[in-house]
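For this one, two forms of the same chain are given in structure tokens, first as structure 1 and then as structure 2.
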Structure 1
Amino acid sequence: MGRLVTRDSVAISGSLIGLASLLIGWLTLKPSRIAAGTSLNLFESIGWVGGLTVLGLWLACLILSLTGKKERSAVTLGILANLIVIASFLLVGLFSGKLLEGEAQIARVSLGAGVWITLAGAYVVIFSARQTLRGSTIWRNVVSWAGLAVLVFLLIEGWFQDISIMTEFSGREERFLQELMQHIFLFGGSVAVGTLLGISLGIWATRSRRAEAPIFFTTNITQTIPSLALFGLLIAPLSALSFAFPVLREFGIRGVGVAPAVIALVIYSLLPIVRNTYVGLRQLDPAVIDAGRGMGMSRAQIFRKIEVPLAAPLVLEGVRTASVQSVGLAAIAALIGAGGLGWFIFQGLGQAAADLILLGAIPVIVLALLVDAIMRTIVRVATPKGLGKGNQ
């Protein structure tokens, strides 16, 4: 091993990132939705008291991370970083309303890079505190989630209503909900179909030597094709089909829209699921299956009681990969008229309205993170006890 670790360099870097964030703009005041704004520095944004509070908290963080790496100081450090997150967003929400007083109706306040970088710095410190707190589960959870929980609470309570993304949201609640549901329908439906198809293909590939190579060849190739290109390649044949058989149009099968999007998303979700099903079934210890046979199990019983539960974690891991990927690809599907959260992104890009872009992009990221977390939990629950961690 290298030399002994004496300083917590990760927490120090986090604190330095946080202190640096105080030097750049925290809030931006824009005369209108699409006009370029003026960037306001820390004290102009959240006042002298607020600015000095955040500065003080960051300095305390730096000093504490310089003095040592002990269990107790890690708890204090983690709490400090969470306080920074909470204080920054409390102040930003409060002062965005004050800044808008006396401005025109269409004026807006948006978050500057400083706020985001402070958030990043705080989470670097929190990560480092978490690493030190390996032993105590309660403190680890408090340190990891407290700040985030308060932010979610503030968001629901409407604390950020004067910040431009929320202004963009208000008045579009219905549209937002509709596109969100459409997004979930697009990726959820495609992954469900992809899972059924992928598992069948994966099982087929393990059972038949002849099918194995073509299955992997095709799924590998299609995975490589850029999503926009695959959408495009599906549009022409589908629109030809709907011209030839106008009946199909009644089922929503047209050149553009949901049909090519779902087909493409199903195709993309195949590879991770087929591959993991194949590996999951192939990696089984033959001795386990022999044991089952020795106990007098039939082929069907062996499949149901041994192969399925032992391969399940890996298959579900494939479904997780496919789901997270599909959340992102479904956003691109808005370009071909399939709707979803991507609609806001591309409308925003078209109008050069930054807040509208964020109204699409941030929920897409949050949705991807949520889907990832939910699927990770499912994988953990589905892993049989004797199998250890089962995956990375």
Structure 2
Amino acid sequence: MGRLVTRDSVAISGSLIGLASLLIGWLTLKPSRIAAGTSLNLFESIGWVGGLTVLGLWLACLILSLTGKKERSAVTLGILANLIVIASFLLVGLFSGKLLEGEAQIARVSLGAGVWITLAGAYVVIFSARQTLRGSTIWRNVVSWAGLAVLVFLLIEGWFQDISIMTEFSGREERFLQELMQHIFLFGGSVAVGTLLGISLGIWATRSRRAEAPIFFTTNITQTIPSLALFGLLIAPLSALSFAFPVLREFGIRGVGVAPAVIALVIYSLLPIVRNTYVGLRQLDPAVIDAGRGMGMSRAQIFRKIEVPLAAPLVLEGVRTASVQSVGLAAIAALIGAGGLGWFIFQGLGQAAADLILLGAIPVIVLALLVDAIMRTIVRVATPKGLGKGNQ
């Protein structure tokens, strides 16, 4: 048994998480959007047939995960995990409407912890299957995205309209799209500026021993400042600056709003980019540089044709880290009037409306995963073939 567990312990862990989720409330029937409501177990939420179906799929995942990491088993395991996600949300969408029949118009049905934990368990199993299917791009993509594609289709078709979070969305659709675009602007603009500054500082630290220490001292110190504290620290100087030079207000530079949010996000994005740029350039084999010199290349040509291509994957990894980090930190910017998806989170906290909090939190998570996937693709494309094989 111990030998089997070590062979695919990730999939086993995911399956056990999924089975544990069946013991927790799946749906909550609430008399209003802010009332506590009644937690319903698996069979009360989606019926006996639905409950036994989900239970059977999770047991099949557990049994299959104990057989090892063979590619065929990984494909089946990934498909089972996707079926669990699809079946769970199909049944939740179907039964949420039935639970509201005969209830007051302001009654709500919210997703319980069991649904979210099942989703987490399925993600762990899918991750395990992806790792095993490294050599099969088609099956890896099927396992990775099939369930998500079906959920997006169901969402567009209005399958989840009776779930409380979608009720919150339907009443704020225009505001949601506005804050989503603002969130993308906040983290996208700050990472773009941070990338330009970070790469420049990283190159400077590589070229100058005198500059290396103060650059890393400053970026390390700023990284330790709590995000909310940094937003607050920027309010006073920017307010004073805008009063001293009123023309700056025309460009949006004031104590609260977008300006301090972008500055803080740029500061937070610097360390991973500076560090990865520095390491990427410093780790290059001196023999490669000497070979370039021997071919008659100038210093600029060596940098452009040798150092940049070889260091690019690691530099882009720093940009990926900064991007994912900024997606989450941008949510806090709503506290200083910068907008973004954090607006829904803090509005929900103020109103004690859990589903309004989720309306802001879930898109932040999805954005982070999407940005991470896009950046991983860019890193893979930018990695020279020889380096890619070596890293694998």
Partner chain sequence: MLRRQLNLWILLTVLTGLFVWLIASTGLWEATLRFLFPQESQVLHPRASLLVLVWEHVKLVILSSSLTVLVGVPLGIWVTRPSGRNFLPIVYYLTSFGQTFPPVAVLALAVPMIGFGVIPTVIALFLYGLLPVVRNTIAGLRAVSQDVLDAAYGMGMSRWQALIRVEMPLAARVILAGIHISVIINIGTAMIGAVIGAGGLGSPIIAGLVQDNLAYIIEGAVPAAMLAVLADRLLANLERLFAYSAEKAR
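The shown structure was predicted, so the numbers you read here are calculated from the model rather than taken from an experiment. Numbers given to residues start at 1 and step along the sequence of structure 1. Here the rigid core means the biggest group of C-alpha atoms that line up within 1.5 Å when the two forms are laid on top of each other.
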| query | finding |
| --- | --- |
| Number assigned to the form predicted on its own in this pair | 2 |
| Core fit, then P272 C-alpha moves 2 Å or more between structure 1 and structure 2 | no |
| After fitting the core, T137 CA displacement of 2 Å or more between structure 1 and structure 2 | yes |
| Rotational displacement of the minor rigid part between structure 1 and structure 2 [degrees] | 11 |
| Per-residue C-alpha deviation between structure 1 and structure 2 [N82; rigid core superposition; Å] | 3.3 |
| Core-aligned CA shift between structure 1 and structure 2 for I17 (Å) | 4.4 |
